[in-house]
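In the block that follows, a single chain appears as structure tokens, in the form predicted on its own.
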């Protein structure tokens, strides 16, 4: 492997040898080791862009109008389209995902390629807190025990010396925070699998809970899918209480991770020992009581035979999750957990090798090194938004974009889910035939808003004269039926599934670092997307027999969105930062039923809120702290993505005063680079209130959309 030195003594691979491969929606990075391979597989503009290398894309004429700026943006962004028609991007931010994948590789004796080892070291060094050298829950967060202990362990797994300055600084911070003994539950589980913590120090995760009747209000089948599918293999592994055999690495880590002597620790006394700075959602008295009861149950009461039956039941569910997702699983925490569960049970097997392979779907290369994405990509999601932005600009029929749009339509055609999950009811899965996933078809999960945005985008494109009709009427109806099946009793839409239990379930939230993780919740963003997709469906099929049903769904959803409005006129964003994001969606929903700020008090309040947050430079800038606190918090800098969301929201609301909107548009145009791109600024996304995640393509898709809407409403000029 060719290496050069950067920033001290950390090696790097040759970035010019990395390639992003796409195959039926699956995106994986590959390192070419020979000159012959490099010559046979040239690096694309997209490869170069994602790796932070010069793209060689030309300087464009200075835009004089909003649509000129939109065209320049499309000129650049179109070069990032992959061969199958989608747009890829980093989806990083959370700092516990790379540890989950690499610890699973370590525990299962999986080979970690040399190029991964080098680039993981680079990434973790680049993302260490510049002041104390630790890592937080996400890339912009303060150092925590969870982030620092696990990422330190990863550095040691991939070969960094404990005497390296990066490790020395991180270890000092970890010890100052109290050491690995104070990591939260997920950290305790991962360290236990490594043999660097003891299972008796883990709060109970009994698989017997899965044997309860489904009608039990707190049955795991009622939990939010990401929570459910993480605790599923965790419960299996907790029951097994197995760990990787001790070797020199684990012996060393036992010394390095703890303030105390490892052998002196009575881990059973530290089930609830968590550093204060790690805790976002403290234990409730109900949870503490349940943990005590389940500890006694597991240690003294539960028959071995019942545990065996429970493990068999849970293992069947693990296998179904693997089979229904082509071993990709819902995310990069349960995939590695399932890998370890399958390895401990089967040893070397087809399933184990499939997990080793699909973990690659989550790994991403960039200029800083290798990280783990929050899913196996954002392919369908980002591609849908690009299509909508182009249509908003009036470019749908422009010959310059025809090939790009046909490829995007072909991608969405191939990635629609065509069948229901195996043993759907037994595995607690939502209807999915006709859905579009967040990432790719084989991952196999329904998501309400990605289905809606996919449906809307396909309908918009297939209505353009001369555009091929690839997705049939029957398949589009399947998509609409999925959405109709996902409305909840309060009129709202959640994310992956119907809401199966109430917020009271958070009393059992054992994750400690996340909020709103136990069950599905109603979301203004998902609800807006759903009804916009359904209304586009009715525009295409005005005489559809379910028209009345759709109209009732829309009416009830709009009522929910009004009720969800905050007193200050905003809406809280659950998936983007934060109030500007959700307010953009909610105003679109109200606009769709004929409301404007002239006839709607809700939209007048929304406009007042947005105008009150506009900055002197014409833009908006919202910090991720808004998500954590529930209070609008200013970012240090104006953000182009927040600005795009805010001006779209004002235009959705029918705000007629041109000045404030034009000032926002002019900021978007000023921030555009000579080659048409916008530079990366602050992090854009969030989940579970406390963990931030990146959506780098938003700086293209929503800026282009904002420019297009402005030109349509106010004319294609700025003063």
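These numbers were taken from a predicted model, which means no experiment stands behind them. Numbering follows the first chain given and starts at 1.
Another form, the form predicted together with a small molecule, is not on view; read the next lines as being about it.
333 is the sole member of 196, 408, 461, 333 with a non-hydrogen atom within 4.5 Å of the small molecule in the predicted complex.
Proximity to the small molecule in the predicted complex, taken as a non-hydrogen atom within 4.5 angstroms, holds for one residue of 381, 105, 624, 609, which is 381. Residues within 4.5 angstroms of the small molecule in the predicted complex, judged by any non-hydrogen atom, belong to 684-692 and to none of the other stretches in 28-36, 648-656, 684-692, 663-671. The candidate spot formed by 230, 449 and 496 is fully in contact with the small molecule in the predicted complex: every one of the three has a heavy atom within 4.5 Å. The shortest heavy atom separation between residue 575 and the small molecule in the predicted complex is within 4.5 Å. By the criterion of a heavy atom within 4.5 Å, residue 436 is excluded from the residues contacting the small molecule in the predicted complex. Within this chain, residue 605 is remote from the site of the small molecule in the predicted complex, having no heavy atom within 4.5 Å. Among residues of the shown chain, residue 91 is one whose heavy atoms approach the small molecule to within 4.5 Å in the predicted complex.
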